[in-house]
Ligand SMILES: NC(=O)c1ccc[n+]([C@@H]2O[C@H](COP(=O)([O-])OP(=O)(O)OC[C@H]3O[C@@H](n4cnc5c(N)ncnc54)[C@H](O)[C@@H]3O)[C@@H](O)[C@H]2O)c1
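Starting off, we have a lone chain in the form predicted alone, written out as structure tokens.
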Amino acid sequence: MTRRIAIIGCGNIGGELAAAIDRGVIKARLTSLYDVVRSKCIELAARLSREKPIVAESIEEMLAAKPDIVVEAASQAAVREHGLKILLAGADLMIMSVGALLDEELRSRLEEASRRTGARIHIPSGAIGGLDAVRALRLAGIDKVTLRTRKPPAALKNAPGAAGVKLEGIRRPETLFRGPASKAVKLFPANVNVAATLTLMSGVEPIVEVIADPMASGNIHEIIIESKASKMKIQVINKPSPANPKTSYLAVLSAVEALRSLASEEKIPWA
């Protein structure tokens, strides 16, 4: 059975997912697109060569197309505003703006809706790797998680956490934030969704450092996991997405792969 996909957010990641469906990389049918800036959806739909999706004017119109999976590729606000409606409609929800899930009240409501309808919540690995090992270490008990994120200043300049900081022309790394993940995802909502993913997978709220580094060749995430079984260090040096320097290219690819796997009828785990 061909899975029916709807996408919220017609920016970088939403556009890449739509293109992957259009090319047949993701074997699914794109039923509808939605964005608060409707012109983005119209432009995206015009670039697709296969069956044209509905450009929905509301979430209700998007859900009327009966998608099996809705991908949120817009913002934390979109998760808060639309996540519950999607799950209660019986559609699975793939969340890219994972930082929204550090709101415990919201996460609890989404989890309850998932249990009630059987619709599932999916979280791609995003711009980091090693999450299978993080989940395994959780069984033994994780004591501390540290995430150090370095990005070129241009990728951070519009973040609320960089307000009032002059990043143009800095010559050395400057730490913009050090503190809990729950605060980091609010101050840098487009930059540290990996902090939320680590929180959910480890069961421990990471200490997050956000560094503007003019010498960084890409978006760099350094993760340290201290557990009763081992101490693990992971470093991922990502190239920025060609379309948006705030987003790591790996985050885009992980979204495509996660949706490809969800839509696939094949059961071979490495296919």
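The first residue of the shown sequence is 1; numbering continues from there. Given the structure is predicted, the values throughout are model-derived calculations rather than measurements.
The same protein also has a form predicted in complex with this ligand, omitted here; what follows describes it.
- In terms of contact with this ligand in the predicted bound form, the residue from L156, V194, I86, V71 that brings a heavy atom within 4.5 Å is V194.
- Here the chain stands by itself, but in the predicted bound form one stretch of 203-211, 60-68, 22-30, 37-45, 37-45, has heavy atoms within 4.5 Å of this ligand.
- Although the partner is absent from this view, V98 contacts this ligand in the predicted bound form, with a non-hydrogen atom inside 4.5 angstroms.
- Though the partner is left out of this view, A190 does reach within 4.5 Å of this ligand in the predicted bound form, counting heavy atoms only.
- Taking the partner from elsewhere, A140 is found to have every heavy atom lying beyond 4.5 Å of this ligand in the predicted bound form.
- Taking non-hydrogen atoms only, E81 approaches this ligand to within 4.5 angstroms in the predicted bound form.
- Interface residues of 127-152, taken as those with a heavy atom within 4.5 Å of this ligand in the predicted bound form (partner not displayed), are limited to A127.
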